[in-house]
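Presented as structure tokens, the chain that follows is alone, the form predicted on its own.
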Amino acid sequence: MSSESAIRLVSIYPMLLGTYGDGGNLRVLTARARLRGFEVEPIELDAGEPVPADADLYLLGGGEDDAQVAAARALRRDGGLARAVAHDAVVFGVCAGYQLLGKEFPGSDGVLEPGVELLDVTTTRLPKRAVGELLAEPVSSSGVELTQPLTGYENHAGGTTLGAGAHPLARVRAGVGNGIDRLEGAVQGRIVGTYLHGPGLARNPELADLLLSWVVGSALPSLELPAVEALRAERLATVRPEE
């Protein structure tokens, strides 16, 4: 990103992929960047609008099965997100947005639907829907430098398996996460997928700042925001790690 240009943040199809409040991730990133003096251009794309290939960071949220299928098909036709990733854009996908970034996922009829194939992951049905608080410890092998536990709320019926090209974001301490090997999320280059709602970047400011640091190309100065830390403390206090 040029130091003279605004950070361009794109929320992809929030009317389709915004069931669980994940639109808040755009507001979190916008606020945290502006508090540090960066100019920010937040963009919300309606379904069917072309995806600009020249933005810095793209956000995809949760959605119902049919909306997820519609979003995946639109993104495959459009190709803008794939072009952006080829130019090192940052992508953050949550729940349905995480699944559709992968190779395939189940639609409402259970038939597997092709994803956009930007993450080496595959999603199938879980035997039981995962609903509740999710707590996970970051995994250092992912290449993501996080020191604090990840907290969020999960609500999904899909279990996600990582291929050789993706690394786990974290290891589950409470909840289900990917549903495979007690892992949560995936990281591949500058793409991060997760099941953390909440919205996830409000509950995990360290993760939000990591994404922004990838955009600007350097570490960010710290922010003292007591209300944010109080939210984290309150949420963490409600979850008992599983043995």
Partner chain sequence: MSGLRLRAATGLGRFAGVMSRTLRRGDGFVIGGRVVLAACPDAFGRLCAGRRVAFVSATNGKTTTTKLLAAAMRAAGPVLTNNSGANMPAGLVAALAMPTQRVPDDAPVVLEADETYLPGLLRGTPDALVVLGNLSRDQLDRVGEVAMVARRWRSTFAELPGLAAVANADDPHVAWAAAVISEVTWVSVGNTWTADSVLCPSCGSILRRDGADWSCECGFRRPNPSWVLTDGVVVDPSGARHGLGLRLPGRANQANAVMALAAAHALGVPVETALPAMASVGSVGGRYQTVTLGGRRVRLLLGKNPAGWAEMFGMLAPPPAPVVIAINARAADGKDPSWLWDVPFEKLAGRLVVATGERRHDLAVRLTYAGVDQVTVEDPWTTMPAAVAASDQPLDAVGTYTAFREMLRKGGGARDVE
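Positions refer to the first chain, counted from 1. Computed from a predicted structure; not experimentally measured.
There is another form of this protein, the form predicted together with its partner chain, and it is not shown here; the text below is about that form.
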Quiz item: For R27, is any heavy atom within 4.5 Å of its partner chain in the model of the complex, or not?
Solution: yes
Quiz item: So in the model of the complex, does any heavy atom of E113 sit within 4.5 Å of its partner chain?
Solution: no
Quiz item: Is there a heavy atom of V10 no more than 4.5 Å from a heavy atom of its partner chain in the model of the complex?
Solution: no
Quiz item: Hey, in the model of the complex, is P199 touching its partner chain, heavy atoms inside 4.5 Å?
Solution: yes
Quiz prompt | Stretch in contact in the model of the complex with its partner chain, which is absent here, among 171-179, 186-194, 61-69, 214-222 (heavy atoms within 4.5 Å) | solution = 61-69
Practice problem: Please state whether all three residues F38, A84 and V144 have a non-hydrogen atom within 4.5 angstroms of its partner chain in the model of the complex. | Solution: no
Quiz prompt | its partner chain in the model of the complex - contacting residues of 155-173, heavy atom within 4.5 Å | solution = N155
